[in-house]
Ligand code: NAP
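What follows is a single chain, given as structure tokens, in the form predicted alone.
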């Protein structure tokens, strides 16, 4: 089903929000896109790159005529942004706008939405695109970011069915593969597959940074190092907020990994090649099975 949106408001026009705009523009299903956010420079850049058509730094003003509002800001800013959206919708009497987001932690976002939007929270569809690069800002946005990538929606039991259907259609128009699951399940899965790997990458680079021979260490870093640490170039503010908002599931995964690392340490200290071979073989087989 082709969806035509008269006015899309995107709060946060960086990589994720900007790519969402470009994908929907490419699909020809949105008439006008209003960008909103705190940074005038970012909004001006997004307009110059034809990501958005107009912009406003006042979020409450920006959403007043919106049919759909897409929020792509750090999790730490989510409550403030939701409050400004609620103010704008109330002042304008806009009772039809559907709100969705791109936050990486869903239980906390849903809780904030329920508190801020109250009885209108049924028009909020929590979502998370499993896509991105280590780059950020509107200059990093591109229309094919979501093509053949998964987007997870975590609607609550009270979410309006028509709102869910519209958001599903929007994501499908970007080329994404849409799935739904509970917010609790999402947060556990992403803690394991995304949040922990980012913490490990940041931690490894920080560890090496504090070694004496730092210049030679990075000078002779091979492809494996670049592959493992690429995501340590991601936005620090965003990842701080993700960690704090999905704290418990991440801590549980870190404990599991710490136990695994201790096992590998003990095997190596004991010169137990058989144990190392067993772990490496099983890990290779598992990764090959799911990545091929």
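Numbering follows the first chain given and starts at 1. Just so we're clear, the structure is a prediction, and the values are computed from it rather than from any experiment.
Just so it is clear, the following notes concern the form predicted together with the named molecule, a form of the same protein that is not shown.
Although the partner is absent from the chain shown here, none of 69, 155 and 165 has a heavy atom within 4.5 Å of the named molecule in the model of the complex. Although the partner is absent here, residue 77 sits close enough that one of its heavy atoms falls within 4.5 Å of the named molecule in the model of the complex. Residue contact with the named molecule in the model of the complex: residue 123 places no heavy atom within 4.5 Å of it. Shown alone here, residue 137 lies within 4.5 Å of the named molecule in the model of the complex, counting heavy atoms only. A residue is said to contact a partner when one of its heavy atoms sits within 4.5 Å of a partner heavy atom; residue 176 fails this definition for the named molecule in the model of the complex, lying far away. Figure note: of the listed segments 219 to 227, 32 to 40, 262 to 270, 248 to 256, the one touching the named molecule in the model of the complex, with heavy atoms no more than 4.5 Å away, is 32 to 40. A heavy atom within 4.5 Å of the named molecule in the model of the complex is found for one listed residue only; from 102, 143, 98, 201, this is 102. In sequence order, 12, 13, 14, 15, 16, 17, 37, 38, 39, 42 are the residues of 11 to 44 having a heavy atom within 4.5 Å of the named molecule in the model of the complex; the partner itself is omitted from this view.
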